[in-house]
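First, one chain by itself in structure tokens, the form predicted on its own.
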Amino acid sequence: MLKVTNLTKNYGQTKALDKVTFSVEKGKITAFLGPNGAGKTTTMRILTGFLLPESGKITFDERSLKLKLSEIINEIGYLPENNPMYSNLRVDEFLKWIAQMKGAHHSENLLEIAEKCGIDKVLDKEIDTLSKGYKQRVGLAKALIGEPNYLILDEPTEGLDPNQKQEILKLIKEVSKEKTILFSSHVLSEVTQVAHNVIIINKGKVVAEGNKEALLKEHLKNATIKIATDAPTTKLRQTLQKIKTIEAIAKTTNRRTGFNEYTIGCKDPEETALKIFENIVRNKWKLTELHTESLGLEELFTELTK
């Protein structure tokens, strides 16, 4: 497990990180979220030894590090924002140079990594001639050299088209079977797709951390339930108003079927939906639709960072 405790970083009079504390579970994909300027990239640069904090502690598998690049170069694979590389080198030359820098050239099978990242067919190409998607793959291959247990990926899908994004996300999911991954992204649909856990940072402070589903349930207690029924409107309203978790009822009429459709704002959607169903059955009304539209990660992000 990667643990960060009270990490603090200042840029002059500006406090970029204010006692940031979080953990990244072993073998999990954890999304690191926050608006621009929240402190994500600063945190990642500290974790990878490129910046030093004013104070704080970082431990990898209970081993405390002094935040020197030499100590963690083989502990962490890092894909920085904008993925800087020597574009005049061939892919194989670049990866061999990275392996030498990490002292991994005798123990690492670069071809195996290239195949895993889907770049084995472009090893003889100059990096400058590659598409953005292939360059990101080369960046991931670079991060995997040295057999790191942890991958830190800063905006790994930035600037990619939808197909390229899906390829990179698929690759991240595949390597997560062997690695612990912390990645930042502004695309919350990607986070929903691949992340197990979420850390949200705002103005240099962690405002939420934990399992994605648990965070949504904890912070977003309100939801919308939609039903379609032949129940008389007045009687149905009188019945629903007795359910304490219901906050609003709006009606529309489905002219094709003759059933009335209702949008119901509520707290505790699971319990509310059950009570709605029980009341409709008790009154022997017909019910053709009942489903919950829960709020998602985007609403959680907005709520915690606005």
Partner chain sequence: MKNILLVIKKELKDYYISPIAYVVISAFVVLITLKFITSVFVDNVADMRNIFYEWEFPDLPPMPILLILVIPALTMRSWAEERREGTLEVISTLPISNIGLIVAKFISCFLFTTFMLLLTLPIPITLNILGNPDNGVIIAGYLGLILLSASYISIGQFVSINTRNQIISFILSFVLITMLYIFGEIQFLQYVPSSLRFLFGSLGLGSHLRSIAKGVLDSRDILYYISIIALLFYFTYRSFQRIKRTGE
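Numbering follows the first chain given and starts at 1. What you are looking at is a predicted structure, and each value in this text was computed from that prediction instead of being measured.
There is also a form predicted in complex with the partner chain; it is not shown, and the following applies to it.
Novice: Evaluate residue 162 for contact with the partner chain in the model of the complex, applying a 4.5 angstroms cut-off between non-hydrogen atoms, and reply yes or no.
Specialist: Residue 162: no, not in contact with the partner chain in the model of the complex.
Novice: Spell out, yes or no, whether the shortest heavy atom distance between residue 137 and the partner chain in the model of the complex is within 4.5 Å.
Specialist: Judged by the heavy-atom cut-off of 4.5 Å, residue 137 is well away from the partner chain in the model of the complex.
Novice: If you check in the model of the complex, is residue 45 within 4.5 Å of the partner chain, heavy atoms only?
Specialist: Looking in the model of the complex, residue contacts with the partner chain include residue 45, since a heavy atom lies within 4.5 Å.
Novice: Residue-level question: is residue 98 within 4.5 Å of the partner chain in the model of the complex, judged on heavy atoms?
Specialist: Yes, contact at 4.5 Å.
Novice: Looking at heavy atoms inside 4.5 Å, which stretch does the partner chain contact in the model of the complex, given the options 51 to 59, 27 to 35, 234 to 242, 261 to 269?
Specialist: Result for this chain: 51 to 59.
Novice: Verify the flagged residues 80, 85 and 102 against the partner chain in the model of the complex: is each one within 4.5 Å by a non-hydrogen atom?
Specialist: Each of the three qualifies.
Novice: Give me the residue from 93, 147, 174, 213 that has a heavy atom within 4.5 Å of the partner chain in the model of the complex.
Specialist: In short, 93.
Novice: Can you pick out, from 166, 74, 109, 189, the residue that has a heavy atom within 4.5 Å of the partner chain in the model of the complex?
Specialist: Contact with the partner chain in the model of the complex is made by 74 alone.
Novice: Do any residues of 116 to 153 have a non-hydrogen atom within 4.5 angstroms of the partner chain in the model of the complex? If so, which ones, in sequence order?
Specialist: The stretch 116 to 153, when checked against the partner chain in the model of the complex, contributes only 142 at the 4.5 Å heavy-atom cut-off.
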